[in-house]
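Given next, in structure tokens, is a single chain: the form predicted on its own.
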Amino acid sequence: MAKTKLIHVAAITFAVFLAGCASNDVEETSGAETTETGTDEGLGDLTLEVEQQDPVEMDTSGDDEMADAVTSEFMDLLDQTLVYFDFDESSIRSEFRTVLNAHAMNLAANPNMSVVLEGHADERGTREYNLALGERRAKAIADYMMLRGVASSQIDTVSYGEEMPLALGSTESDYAENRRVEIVYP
């Protein structure tokens, strides 16, 4: 029960994060009219005209549905446990930042939870080089998560280099599948 509650708190925090990242073009919300004009810096001038409503009369019937949708979206992000890398790179691609943010929020909200980051490389390069590359990839994700509030004691890293491929072929597509970090919750 407590774990579910912590995941809900993390999901709601994630929803607030997503709302902050959302577009500034807001036209109308229920019970209030909002007009906004953007600036080059994206801060905008916000003008609100809010109708006074008795709190008892406010419609909150959609709140549970919204919380369920946010929780579902958050759980979908947590289900994504593979982060892929470009050839000979250990920098995190922008398309995986939302997934990593969700995992970081989950770990930060659950300090007794831990994760193992398993670094991998494709078969090109020497065994030693690929072990080091897998380690750099795992450490890059560990650093990213620690910057978002995860304690270093919650994270272990390991490199398998080229030893545990997902794809056994020698095409670029196969290589791309093998250049990864797997996020494993023990």
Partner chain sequence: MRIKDSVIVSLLALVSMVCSGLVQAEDLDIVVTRGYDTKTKIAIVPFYWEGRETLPEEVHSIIDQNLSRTGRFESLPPRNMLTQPTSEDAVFYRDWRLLNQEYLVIGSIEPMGDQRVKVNFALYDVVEGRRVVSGNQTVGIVQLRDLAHSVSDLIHERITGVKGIFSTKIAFVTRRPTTDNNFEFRLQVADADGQRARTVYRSSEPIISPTWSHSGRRLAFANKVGDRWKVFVQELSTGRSNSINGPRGYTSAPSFSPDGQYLAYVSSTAGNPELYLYDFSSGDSTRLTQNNYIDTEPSFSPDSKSLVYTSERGGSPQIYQMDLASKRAQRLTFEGSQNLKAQYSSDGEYLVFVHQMNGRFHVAAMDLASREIRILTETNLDESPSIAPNGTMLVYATKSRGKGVLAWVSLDGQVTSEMPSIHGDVIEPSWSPYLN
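What you see is a predicted model, and the numbers here were worked out from it, not measured in a lab. Positions refer to the first chain, counted from 1.
Separately, the form predicted in complex with its partner chain exists; it is not shown, and the next lines address it.
- Every residue of the trio 88, 124 and 164 has some heavy atom no more than 4.5 Å from its partner chain in the predicted complex.
- Within this chain, residue 170 lines the site of its partner chain in the predicted complex, having a heavy atom no more than 4.5 Å away.
- Put simply, residue 160 is close to its partner chain in the predicted complex: some heavy atom of it is within 4.5 Å.
- When its partner chain is considered in the predicted complex, residue 141 lies well away from it, no heavy atom lying within 4.5 Å.
- For the chain shown alone, residue 128 is a contact residue for its partner chain in the predicted complex, at least one non-hydrogen atom being within 4.5 angstroms.
- The partner is not shown here, and in the predicted complex the stretch 102-121 never reaches within 4.5 angstroms of its partner chain through any heavy atom.
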